[in-house]
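Okay, so here's just one chain, in C-alpha cells, the form predicted on its own.
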Amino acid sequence: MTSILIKALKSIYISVPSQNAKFATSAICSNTLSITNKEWKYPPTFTKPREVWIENLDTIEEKKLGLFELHPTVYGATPRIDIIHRNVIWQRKYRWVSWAHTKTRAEVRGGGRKPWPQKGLGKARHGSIRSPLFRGGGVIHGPRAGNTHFFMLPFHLRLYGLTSTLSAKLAQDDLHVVKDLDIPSDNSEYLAELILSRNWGPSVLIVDDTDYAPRNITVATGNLPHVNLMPVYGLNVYSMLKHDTLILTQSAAEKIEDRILQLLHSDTRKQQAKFKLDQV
C-alpha cells in the first residue's frame, strides 16, 4: 500500500510542472530575451555571477530586455558596515572647514596699561586686564578660523567601501540596470510617474558612463530635486547612501566593474606614493 502511494505522488509531481519551471522554459524559448554572458579578465573563483534584469526607460510600463551578469567581487561582496561608515566620515570631513575663531590676549581690545602697581597693594601682580585670567581676556588654545579636518582614507578602504555599498544596494533590490537613458519626453511628469510606478523610492541616483547625458533626461531631472544625474567617475559611497535607489546604465555597470577589478588585482603603490600625506 505504501509503495502504491509513493508511485502515485511521483506521477502527480511529474505530471504537474511548477510555476518556476514554466517561467524558466518560457524565458529560454523566448526570442526577445537575451542573456549576457561575460568573460572577465579576473573570473570569480568560488562564487557565481549575480544576474540582474536589464530594464527600459522608454515606456512607463516596465519591460525586461534581458539578463545581465555582474561580477560577485564587486556586486556580491559581504557588506562591511564599518568600512561604509569610515567612507562616510571621510567624505563629510574632507570638505569641512571650521570657521570658529577665538582671540588671544594680543587681539582682545583694551588692556594697554598695567592695572595696578607691581608692589605695595597686596594684590597679585598683573600686567594687563586682558590676560586669560581676567573675564573678557584672551583665550588660551582656543579654535582658530580656517581649521580643516581633511585626512586621506587608505586606498583599499575606498575600494571596499564602493564594493560594500554596491553589494548592499543590489541585495536590498535598490540597484537597477537600464539599457540606456533615452526617454521619449523631456517632461518631468513622465519621469516622476515612471519612478512612482516602479517603486524606485523618493530619491533616485542615475549613473551613466559619460558626463554627456541625453537632453530629454537632463531637462526632465532639472525640475526634480530628488532625482540626480552623475557620471561614472563621480560615483561615491555618500551619494549612493543618500539616495534610496541607484540606477546604472549597462555600460556604466561594466565600466565600474572593470575599473574596480583592475584596481583590486594590481599593485598601485607607486601611483599612490606621490599622493601620500604626512599625517603625523
Partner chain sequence: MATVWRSQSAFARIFAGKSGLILNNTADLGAKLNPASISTLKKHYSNYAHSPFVRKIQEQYEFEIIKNPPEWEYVQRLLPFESIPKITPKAAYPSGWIPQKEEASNLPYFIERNKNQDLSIYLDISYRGMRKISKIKKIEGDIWLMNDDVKDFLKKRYKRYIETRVHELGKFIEVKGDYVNALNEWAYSKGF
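It should be emphasised that the depicted structure is a prediction, and the values quoted were computed from it without experimental measurement. Numbering follows the first chain given and starts at 1. Only the largest set of C-alpha atoms that superpose within 1.5 Å between the two forms is called the rigid core.
Another form, the form predicted together with its partner chain, is not on view; read the next lines as being about it.
Original post:
Does Leu264 make contact with its partner chain in the predicted bound form, using a 4.5 Å heavy atom cut-off?
Top reply: Taking the distances in the predicted bound form, the answer for Leu264 is yes, it comes within 4.5 Å of its partner chain.
Subject >> Touches its partner chain in the predicted bound form: Thr78 (any heavy atom, 4.5 Å) >> reply: Close contact exists here: in the predicted bound form, Thr78 approaches its partner chain to within 4.5 Å, heavy atoms only.
Original post:
Closest heavy atom of Ser251 to its partner chain in the predicted bound form, within 4.5 Å or not?
Top reply: So Ser251 does not count as contacting its partner chain.
**OP:** Check whether Arg125 has any heavy atom within 4.5 Å of a heavy atom of its partner chain in the predicted bound form, and answer yes or no.
**Re:** The answer is no: Arg125 has no heavy atom within 4.5 Å of its partner chain.
Original post:
If you look in the predicted bound form, which residues in 143 to 174 sit within 4.5 Å of its partner chain (heavy atoms)?
Top reply: Contacts from 143 to 174: just His156.
Subject >> Gln262 C-alpha relocation of at least 2 Å between this form and the one not shown, rigid core basis >> reply: No, Gln262 moves less than 2 Å.
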